[in-house]
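Starting off, we have a lone chain in the form predicted on its own, written out as structure tokens.
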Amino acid sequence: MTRFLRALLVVGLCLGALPGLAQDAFETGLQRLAQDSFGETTTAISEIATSGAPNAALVIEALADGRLFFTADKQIYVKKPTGEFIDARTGAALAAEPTGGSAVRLNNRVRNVVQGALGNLGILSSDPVKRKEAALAVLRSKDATALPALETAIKQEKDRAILRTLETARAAIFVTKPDASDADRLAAIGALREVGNQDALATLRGLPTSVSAPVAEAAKAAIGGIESRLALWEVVQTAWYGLSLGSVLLLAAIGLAITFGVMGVINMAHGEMVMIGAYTTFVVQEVIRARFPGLFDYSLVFALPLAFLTAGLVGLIIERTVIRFLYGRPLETLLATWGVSLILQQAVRTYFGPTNQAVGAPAFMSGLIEVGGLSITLGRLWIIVFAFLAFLALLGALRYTSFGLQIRAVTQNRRMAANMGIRTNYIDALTFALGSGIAGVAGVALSQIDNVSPNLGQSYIIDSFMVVVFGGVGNLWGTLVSALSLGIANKILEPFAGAVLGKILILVGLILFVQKKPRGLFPQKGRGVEA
């Protein structure tokens, strides 16, 4: 019984001493930090990170951010992001900034150790954002001291994306760990090959040269497999970027396809209709921010009809006051609409200023989706969906409404349409307003991915004409195929030739194509069109 009581006493003393030991390690670490030596700092980081002291994470984070200071009397202080100073040992706030304080210095080696320590501290956090950041930090540092924490975190992690990062970090540590066994390395190489991303590839390329032949062969095979997989995903990513750019071109050109096709008007002010739509979105968001902030996520719902009406009204005014006097004289309409575009740009610049305006994105358009090796931004995804919906809506309006029937009749044979009682001048005005309104709707979408400024329309006017000419003037299906084709061709050429030279090559190719097929891919048909 006496022995049992003595054993209980010893256990009790040991348990009681554990917090003290942890505090001792923390104190020792702080004293090392005050030595102003990179070697002592490296040792101190490990002692503090594993001490379990309440302020351990605070000190390591401050060290990483350059907010950890020591004084001549070997006291350590933390400067908070708000500018206040606290005692690193107790966490107590100081009345004033300590005099004679110097920042604890870092070099690249110490920074790597700090990143690893941050990973160890945050990898078991209840906050998923901190866990993910910590897992990435361990992945970058490949700190072997994080292995116990990693194993624990992998067992209890529920988030699949974070779990994948944790497993990649563990495999990366085993691959680069000098004393790892061949079995551990082969298992880690297999895991990295399965992950197959850029981090895994970089880790495998950093494999030590002193490894055994089977490990080297396995790493070589894994690198080849990952490179092939990444090359395939790169093709898919390029196609996605091309589809995204094509949808933007479709939005910008679809209104021009109507006005150019029906009236033969070379409307150089079409880009300014897009700009008006974008500024309408800005104004709507400003009003919502000021008076109804809770409706911000619905701002585009209000902006879409207003942009259509505003740009359509401006287009109607332009047609009634300028263009209707110039029908049949395409060069004059080109010059006149160019002058109108300059006036509209200057008017917007005078009222809103020359700088870019901030247009926010609703919550449902923010974020990123990763599918395999494909990264999809939600903003671009919604614009693609919107572009196809706008295309289908316009196609349905032209095919199934009386107004659309009259537009097609005027497009194919204006004289016969007039003889049948269709007021061609009336159709011209409404068609120009319709095309302008669609351009305004395009401006709403483009405000989410481009700078809203007086020059916004100029960025798209040349591309819009290229799309319309390539697809066939006045043909919506031709506009769709042309926009997607040019968008994908642009993205294929950019990595090899650069953005500017790529556009030049496409323009040259388009000129050669028009020499062979002047009416584009899908020419309009009808007795009057050929006239």
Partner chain sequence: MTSGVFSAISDRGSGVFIAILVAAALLIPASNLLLPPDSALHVPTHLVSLLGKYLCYAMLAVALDLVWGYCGILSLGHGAFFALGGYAMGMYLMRQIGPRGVYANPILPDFMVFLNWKELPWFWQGFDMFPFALLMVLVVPSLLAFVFGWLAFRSRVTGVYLSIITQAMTYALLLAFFRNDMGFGGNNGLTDFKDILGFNLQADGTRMTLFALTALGLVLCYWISRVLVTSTFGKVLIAIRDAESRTRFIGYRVEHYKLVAFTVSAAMAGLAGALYVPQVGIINPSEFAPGNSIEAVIWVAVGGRGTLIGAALGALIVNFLKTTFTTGALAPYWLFMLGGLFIATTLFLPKGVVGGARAFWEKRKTTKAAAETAPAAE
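Positions refer to the first chain, counted from 1. Just so we're clear, the structure is a prediction, and the values are computed from it rather than from any experiment.
Although it is not shown, the form predicted together with the partner chain is what the next lines describe.
Although the partner chain is absent from this view, report whether residue 363 comes within 4.5 Å of it in the model of the complex, heavy atoms only. Because no heavy atom of residue 363 falls inside 4.5 Å of the partner chain in the model of the complex, the answer is no.
Report yes if any heavy atom of residue 493 sits within 4.5 Å of a heavy atom of the partner chain in the model of the complex; otherwise report no. Answer no; every heavy atom of residue 493 is more than 4.5 Å from the partner chain in the model of the complex.
So, in the model of the complex, is residue 388 in contact with the partner chain at a 4.5 angstroms heavy atom limit? Residue-level check for residue 388: no, no contact with the partner chain.
Heavy atom of residue 489 within 4.5 Å of the partner chain in the model of the complex: Residue-level check for residue 489: no, no contact with the partner chain.
Of the options 72, 124, 317, 334, which one has a non-hydrogen atom that comes within 4.5 Å of the partner chain in the model of the complex? It is 334.
Go through 216, 418, 343, 309 and name the one with a heavy atom inside 4.5 Å of the partner chain in the model of the complex. For this set of options, the contacting one is 343.
Residues in which of 175-183, 346-354, 242-250, 420-428 have heavy atoms within 4.5 Å of the partner chain in the model of the complex? Result for this chain: 346-354.
Can you name the residues of 442-467 that have a non-hydrogen atom within 4.5 angstroms of the partner chain in the model of the complex? Counting only heavy atoms within 4.5 Å of the partner chain in the model of the complex, the contacting residues of 442-467 are 462, 465, 466.
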